[in-house]
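Below you will find one chain, with nothing else, as structure tokens; this is the form predicted alone, and questions on how it binds or moves follow later.
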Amino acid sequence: MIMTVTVTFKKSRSDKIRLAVFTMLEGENLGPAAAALDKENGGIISGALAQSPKFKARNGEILELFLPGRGGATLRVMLLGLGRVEKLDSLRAETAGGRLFPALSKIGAAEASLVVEETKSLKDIDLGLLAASLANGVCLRSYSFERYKSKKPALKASKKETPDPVVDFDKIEVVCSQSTPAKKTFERLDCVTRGVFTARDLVNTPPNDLYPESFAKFIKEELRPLGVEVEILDEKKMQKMGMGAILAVGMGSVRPPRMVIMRWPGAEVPKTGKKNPAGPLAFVGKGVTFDTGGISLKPGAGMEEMKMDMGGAAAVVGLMKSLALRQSPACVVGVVGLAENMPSGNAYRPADILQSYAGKTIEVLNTDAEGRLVLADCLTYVQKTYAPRFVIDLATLTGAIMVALGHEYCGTFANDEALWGQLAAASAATGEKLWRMPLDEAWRKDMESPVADVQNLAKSGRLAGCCTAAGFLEHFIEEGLVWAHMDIAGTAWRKSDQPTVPKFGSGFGVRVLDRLVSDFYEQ
């Protein structure tokens, strides 16, 4: 479930809203609007600041107080720190907005007025972007997945008190002198946020409800109304085409695999059926809806987290949604391979040799190295069918990347300097952290099999596991194709709340890839 927050932009604060939030810069005095309210109320705000030495207006810090209002109505006031002005940018504004949301929710507020103070220090700051980013931070943090709760809990109360009714914070007016450009910027950001929320929803959905067929159906119902062309390949079509790798992964499940192709022709590209002369941009996602490990069964502890093994596919679907919502002029194709990896009498086995769609044979050494098999057929399909300008794949592929980078960075392998430079710039702009990992011929050779063309586990075993996995995928990339592989195993799923990302499904990948398309491929 997505908690929706209605955002409006105004040039002046509404007196009807009894909760006012004023931005404040670290090391500076109250802004003009807060200072005027302080003077009107006999210096209560400045007095509270003097008695609160721990509040420095650092980014995301909040100071709360009450003012006597007209007619006896109390005005609740919050000061929201933005940090030092020389460090202030759109990402830090989002962080401040993200930290504001739980504070508003905790006190049971239904609505608030957020006043973006215009001070001399902000003369070189785009106030419209600042206001829009604050609002977007609030929205990003407002996400809540409660689809499976029978009822919401009441707000906490003491044993002697009757619990208060649940109040959802659902409305914020953002007050800014640049309200019109702020609104326009926010609408653009909101398209991407809605794509992020779709990806989060998919990752959080339990595997009894999200499996290859239902996932494919969801994509069709969600994206077709937005103008995205959706094609679904079922197991019979894939069998006929010779997609033996993805089919093998799904053999052990009663729920057969699917491959879904999503095509966004671009808002400025005529729908004539002709291919873009330069080729579309291609994004490929691993969609293992649940991964038991198959015959090479995983340990039981923590296996419930394997519902998130389709995080790459979720990100590609969220990206396609954001591009369609904002009517991107770029021509883009997304391909996701959907399979459930289960142990059974029909499951594929270690020592099996598979025939991939590329024609290459694959020796199976471990059925828990299944994501690379799914990606192999998807990568081949998108190259054969679309001759793309580049291919970027996303996958919760290895535990090794988590050992290397934890939950902070997505390990990214790129065979092209220009593409990596673009990805790095998009990462810096969105806060979705990427770290470049090495591609090396040694790891590619490490995936060659003595009895088949390739094997799905390295000869060197667990050493450099994320790098050898990339080496396997590289066997399915055509000579000269620009390609990047994003191992999102550590970033697709968080166990603790972040300022703009609630715990569990993060939707990682949507924002950085939307920014890549926006900044470099929409001219």
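Being a predicted model, the structure only gives us computed values, none of them experimental. Residue positions are given as counts along the sequence shown, with the first one as 1.
Omitted here: the form predicted in complex with a small molecule. The next part is about that form.
Of the heavy atoms in residue 298, some are within 4.5 Å of the small molecule in the model of the complex.
The small molecule in the model of the complex comes within 4.5 Å of no heavy atom belonging to residue 321. The small molecule in the model of the complex is approached by residue 399, whose closest heavy atom lies within 4.5 angstroms of it.
Residue contact check for residue 67: none of its heavy atoms lie within 4.5 Å of the small molecule in the model of the complex.
Heavy atoms within 4.5 Å of the small molecule in the model of the complex are found in exactly one of 82-90, 137-145, 197-205, 389-397, that being 389-397. The contact residue chosen from 342, 330, 306, 437 relative to the small molecule in the model of the complex is 306, the criterion being a non-hydrogen atom within 4.5 angstroms. Out of the listed residues 448, 231, 187, 368, 368 is the one that sits within 4.5 Å of the small molecule in the model of the complex by at least one heavy atom.
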